[in-house]
Structure formats: structure tokens, C-alpha cells
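Only one chain is shown below, in C-alpha cells, and it's the form predicted alone.
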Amino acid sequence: MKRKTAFIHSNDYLNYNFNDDHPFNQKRIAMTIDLLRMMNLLEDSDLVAPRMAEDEELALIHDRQYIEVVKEAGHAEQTPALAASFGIGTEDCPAFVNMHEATALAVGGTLRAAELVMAGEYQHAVNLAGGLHHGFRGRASGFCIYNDCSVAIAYLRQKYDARVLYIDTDAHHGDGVQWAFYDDPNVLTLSFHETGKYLFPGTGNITERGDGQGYGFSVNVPLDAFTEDDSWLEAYYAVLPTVARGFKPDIIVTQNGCDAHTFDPLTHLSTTMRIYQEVPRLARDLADELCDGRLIATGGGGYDIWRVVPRAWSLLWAELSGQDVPQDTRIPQTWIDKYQAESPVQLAPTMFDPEGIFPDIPRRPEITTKNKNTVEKALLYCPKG
């Protein structure tokens, strides 16, 4: 059954553009929209325009001085020397023209999603330009300038007094959101990510459980490198329902980075497109069960923009809007014809990865056992239901 779900979008989202060589490339959103339209999964009536986040809203999370530095850096001919102290002008987060405006629009998209869902106008809302989970109070980090997830959660707390369950399935730990609410028992952050032993940002250990009254409300599931679908999903299904039912949220906010796929060039996990249908499906079912369906989904990481992100985010939209994508669904040839010439790799012909196309994972039993132990420890002190 098709559900009333908002697709928050503006073509101005593509202005969040560090440079042509940077791995964070929002062309992936345009490619996703093209794929959805060619599959008849997205209509004009689904689209909702974002709004700009106001400075007062950004300041719910970010320091005022940092906001002013972001504004200045986006309008200067040369990056101000002071910007480096705020993480701007680095290889990860170089300054770009209109940086404040582009990022405030991405934040405003997630705020718009929150308003629509809390007002009951839509059951779910998707903002693929969001998911900038590494942004800190006074520092850019990991391709993220402002942290839309944190700002939206703070907004939900302030305006609606809502208890928020934040679910982060990016391959990189959702550090910025975790630290923003580390002592808040009304926000539970749950992150499934590759262990930080060898991957940025290096945090997300099981022992990061929260502080003070918020102890137990930060839950981390660091998975071993080369974790494949079965073990990844086993952890997801073991932890998420237990934590969600124990916490009893008023709304769920998800970050849907899709860089855990084996094709992703920046991480070391080994999942396939299968998990990108299962992840939003369970989150949606729990939202139905626990909070009248209220769910906001954001984008996130994903650096194979050709073979992974458009397929993964199309599955996200299909699940949240109640549209089925069968396992044998083929990619429309018109979409392949449009993008194949500029793609450095052969585009996938099907929505799901056929079984057996990826090599077996060495140490698979050892990795699976290690992840089972991680799950047991992750559940020790969190709410359980």
C-alpha cells in the first residue's frame, strides 16, 4: 500500500559541492531521482521543497562563531586563516562558494521533514541531502559542515518535546550526533558501523554508552571489517527492535549512508544491495509499531555514486513510500544509457546484486562470531524491550 511520504528536494542541493575531485558528490541525488522517475516510483506530487535553516536553528547545535566563520569562508576569495581552526580548508572539508547557504539548505530540508511529520501532514519524509552526521558544535569534519541530524533532533526536542530514536547505518560512526546528545536520556543514538580500528572517525566503541542521565542511551555496534550481509543483518535485527521497544520513541530519525556496500571505495565492509531494502523496512515497521509511523530519513555517505547510491536510495524511498521492488527488478535501459558514458565502471543491470558475483569472505566464521559477541556487549546497559 502506498504511504504518504514526502521527498524533500531542491536542485540547489547540488550546490553542496567541495570540488570536482572530492569523493562527496551530490550528483548521486540527481541520479537517484532519475532512476526513481524512470521506474515510476516517484511523482511530482511527492516532491516538497526544503527551506533554509535560520541561524537561530543552527545555533541549537553549532557555536555562533563557527556559523560566522562558515559564512565568511563561503564568500572569501581565499579561505580565511582562522577557518582552519574550525576544520574548514582541510582536504576533507575545503571551503566552497556559498558554503553556508548550501549547507543551511540541507539542514532546512531535514527541519522541513520534521515539521511535516510532526504536523501529521506526512507519515514519513526523506531528505537525501541530509545525513551530515560528522559535523561538530564548532568544527567541520568528515565532509560535513553543519550537522542536519543533530539540528533536527534538537529542534524536535525544543519544539515538540519529542523522544527521538536516531538510527545511523553509515559505515562510519555517527560521532557528531552521538556527542551532541551524549548526556540526554530523551535522545537515543544507535550506530551500526565498521569498527574504528582502521576507519575514520575512529570512535564508536561499545564502551561509548553515554554520560550522566544519558548513560545507556548511546549504543554502538562496531562491526568487523569485511562483514557481509548475513552477519550485518543479524546484528541489525538483534539490536534495533530490542532498543527501540525499550526506549519507546515519539519519532525515529535515520541516517542512511550506503557506504557499507562492498563496492564502496572508502570503507572495508562487504555487504550487498540486500541490506538497503532491509534497513528502512525494519525502521518503518518499528515506527508503525511504536510512534504512529513518524519517521524521518536522511542520506549520508556513499562514494560509489555509479553502482551503489542510486540503487540504495531508490530502495530507501520505495520502502518508505510503500512501493515494492521485486528481487528480479532490472535497471531501466534509459537510465543506463544516460549515465554509462560518463561512468568509469560498468553500471549494474539490476536493482539487487545477483548471488555469487562477489568472492567469498575469508575468515567469515571468525567475523560472524566476533560480531555476535559485539552485539551481546552492545545490549548490556541500554533500554531493552
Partner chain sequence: MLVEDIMKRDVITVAPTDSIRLALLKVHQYRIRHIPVVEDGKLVGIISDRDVRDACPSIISAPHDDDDQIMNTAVSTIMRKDVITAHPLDFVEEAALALYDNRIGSLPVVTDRDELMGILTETDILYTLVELMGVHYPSSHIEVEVDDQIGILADVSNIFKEASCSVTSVLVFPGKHLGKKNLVFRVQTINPRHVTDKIEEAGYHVVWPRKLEELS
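Because the structure is a prediction, the values reported are computed rather than measured. Numbering follows the first chain given and starts at 1.
A second form of this protein, the form predicted together with the partner chain, is not displayed here; the remarks below concern that form.
Proximity of 139, 172 and 197 to the partner chain in the predicted complex is complete: all three residues have a non-hydrogen atom within 4.5 angstroms. Here the chain stands alone, but in the predicted complex its contact with the partner chain, taken as any heavy atom within 4.5 Å, falls in 86-94 among 237-245, 108-116, 86-94, 283-291.
In the predicted complex, no heavy atom of residue 372 sits within 4.5 Å of the partner chain. Put simply, residue 80 is far from the partner chain in the predicted complex: not one heavy atom of it is within 4.5 Å. Of the heavy atoms in residue 71, none are within 4.5 Å of the partner chain in the predicted complex. In the predicted complex, at least one heavy atom of residue 134 sits within 4.5 Å of the partner chain.
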